[in-house]
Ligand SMILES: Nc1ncnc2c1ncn2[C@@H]1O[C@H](COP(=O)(O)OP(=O)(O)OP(=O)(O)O)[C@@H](O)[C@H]1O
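Below, in structure tokens: the form predicted alone, a single chain.
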């Protein structure tokens, strides 16, 4: 790791409150998902957020990815606070600085593997020729040479998740956030996927942060952050 701090959370809390007030109450109680969390991530990390169901790990990943906003506290990226940005600025931040990998792959079924990978570059306004070249390179990085023109329905689950990883890294984000990326994969395929991502981390310095309770993920992470009831353990 370079030692450069990419992401820093200071006293971050997330409380989910019901939209309808409880009967005979002025203020409906909320569910505390994350409570007064102080945490930092450095460039080049390969880290996992672990904990049982309901521990807050997916909520924490959503907060880091600015998909959700904290109830209290601040989140900074390379020293700049992002929790006070408006929706347009947040969308631009996510588009250029973050990559996302989801357990359900979230590929666009009518697009080929290469077209799915190109999608973030198209949103950035990259030329057709350049984004195709970069998509082919990213597919090569994840071991999918020769499969650029296949649609998702002609790919295995493991191959679809590799396409999702290629899409997450094609625009060279500062960090890739992966929420339970092995949840829908068998153990052999999951191990292969994690080894590939670890190789990308080592060779290209890509920072990965996972949320997972999968031992396959946790055994490969260089740092495991344990959550229990929204607090660090």
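Small disclaimer: the values here were computed from a predicted structure and weren't measured. Numbering follows the first chain given and starts at 1.
FYI, the form predicted together with the ligand isn't displayed, but the following is about it.
The stretch from 184 to 192, 161 to 169, 201 to 209, 30 to 38 that comes within 4.5 Å of the ligand in the predicted complex, counting heavy atoms only, is 30 to 38. In the predicted complex, none of the heavy atoms of residue 66 sits within 4.5 Å of a heavy atom of the ligand.
Contact check for residue 10: no non-hydrogen atom falls within 4.5 Å of the ligand in the predicted complex. The ligand in the predicted complex comes within 4.5 Å of no heavy atom belonging to residue 45. In the predicted complex, the ligand sits beyond 4.5 Å of every heavy atom of residue 223. Contacts with the ligand in the predicted complex, taken as any heavy atom within 4.5 Å, map within 47 to 63 to 52, 53, 54, 55, 56, 57, 58, 59.
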